[in-house]
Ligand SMILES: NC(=O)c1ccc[n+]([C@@H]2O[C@H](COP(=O)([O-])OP(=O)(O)OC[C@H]3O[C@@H](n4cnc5c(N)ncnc54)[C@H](O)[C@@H]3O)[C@@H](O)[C@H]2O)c1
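Presented as C-alpha cells, the chain that follows is alone, the form predicted alone.
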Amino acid sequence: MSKKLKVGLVGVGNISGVHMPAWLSMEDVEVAAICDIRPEQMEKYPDLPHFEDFKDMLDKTDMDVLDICLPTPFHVDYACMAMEKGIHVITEKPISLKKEDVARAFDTAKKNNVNFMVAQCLRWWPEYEMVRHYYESGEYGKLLSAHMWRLGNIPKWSWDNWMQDEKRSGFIPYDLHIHDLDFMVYAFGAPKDCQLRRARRPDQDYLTADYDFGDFFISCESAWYKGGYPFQSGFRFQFENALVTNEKGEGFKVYLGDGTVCKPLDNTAGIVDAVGVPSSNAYANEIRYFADCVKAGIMQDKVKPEQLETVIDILNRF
C-alpha cells in the first residue's frame, strides 16, 4: 500500500488528544474524517470533515483504518461494523468488560481479512520495554520481585459520567490496573496465582493484587482516591544484580550492586498533563506499529487475543 493511509477517528474526547497528534504527524497518513455526537468536541479540527453519526461516517468516508476512542461499551460493536466493511481497526483499551467480545472482534477481523488491535500502550512504553528486555536477556540475572503502582483520583470529567458507572467502565480494575496487568501477561505470561483485595465505594476505588509467577512475584496497587490526589505511576523490579525503577520525579534508573546508578533512557517520566496522561511517545509508537502492519499487509501480533482473555479473566475476579 503505497498511497496515503486514510484514517477515520470516532470519539473526540480525552484519549483522542494523544491519538490525533500521532496520526497528524505521519506523512504517509491522511485523517479523512472525525466523528463525535458532541459537535463542539470537533471544533479544534476545523479542516477535517465532521460527523455526528457513526454509521453516516462509515457510509460516506473512504477510509483504510478506524481509530476508536469511545467509551468501553462501544468498542467491539463499532469495531465489528467497520471491519465488516473491510476497514482495519485500532481501538482504545479495554477491548471490553466481557471475555466473549475478544473472540467476536478477532473472528470478525479474520473473516474480513483486516487488522484489529487493542491499544494497550504499555507494550510500547520504552521504560516497560526495557524491563521486558532485562527479563528476557538475563542481563541482570533472574527477576526476584516487583512492585507496580498506578494511582490517581476518580475521573469526574468523562462524557455522561460513564467512568463513574461501574457497569460501563469497570471502575479501577479496567481503567488503571489493566495497564500493569496487561504488561505482566505480555512480558511474563499468565500468573500461576493471585491474591486480590479491594476497597470499593461509589465515589472511590482502591485495589491491591499480589501475582505469583513461580520464580518471582509482583505486587500492585491501583486507586481512584476521593480527593484530588495527583496521578502517578511507576515500578520497582528487583533482579539478582540490579534494581530497575521508574519513579515520579526520578525517571527510569538502574541501581547496580557496586553503587553505580545508570540512566538508560533520556525521558520525562513522572510528568503528567492536566488529566493524568504521562508524557511519552508510546501512543505514537503503537499507532505507527499498527499503520505499518496495515501498509505491509501483515497481521499485527503484538497484542494477542489469548492475552486479552487472560487479563479479563483476572480482572473479573475483583
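Residue indices: 1-based, along the sequence shown. Computed from a prediction, not measured in an experiment: that's the story for all the values here.
Just so it is clear, the following notes concern the form predicted together with this ligand, a form of the same protein that is not shown.
Engineer: Scan M26, L265, L256, I37 and let me know which has any heavy atom within 4.5 Å of this ligand in the predicted bound form.
Structural biologist: By the 4.5 Å criterion, the partner-contacting residue is I37.
Engineer: Sort through F216, Y229, Y206, W162 and report the residue having a heavy atom within 4.5 Å of this ligand in the predicted bound form.
Structural biologist: Result of the distance check: W162.
Engineer: Residues in which of 75-83, 196-204, 97-105, 128-136 have heavy atoms within 4.5 Å of this ligand in the predicted bound form?
Structural biologist: This holds for exactly one stretch, 75-83.
Engineer: Please run the contact check for C220 against this ligand in the predicted bound form: heavy atoms, 4.5 angstroms, yes or no?
Structural biologist: So C220 does not count as contacting this ligand.
Engineer: Tell me, yes or no, whether Q300 is in contact with this ligand in the predicted bound form, where a contact means a heavy atom of each within 4.5 Å.
Structural biologist: Result no; Q300 lies far from this ligand in the predicted bound form.
Engineer: Would you classify R123 as touching this ligand in the predicted bound form, given a 4.5 Å non-hydrogen atom cut-off?
Structural biologist: R123: no contact with this ligand in the predicted bound form.
Engineer: Using a 4.5 angstroms cut-off on non-hydrogen atoms, would G170 count as touching this ligand in the predicted bound form?
Structural biologist: Output for G170 is no: heavy atoms all beyond 4.5 Å of this ligand.
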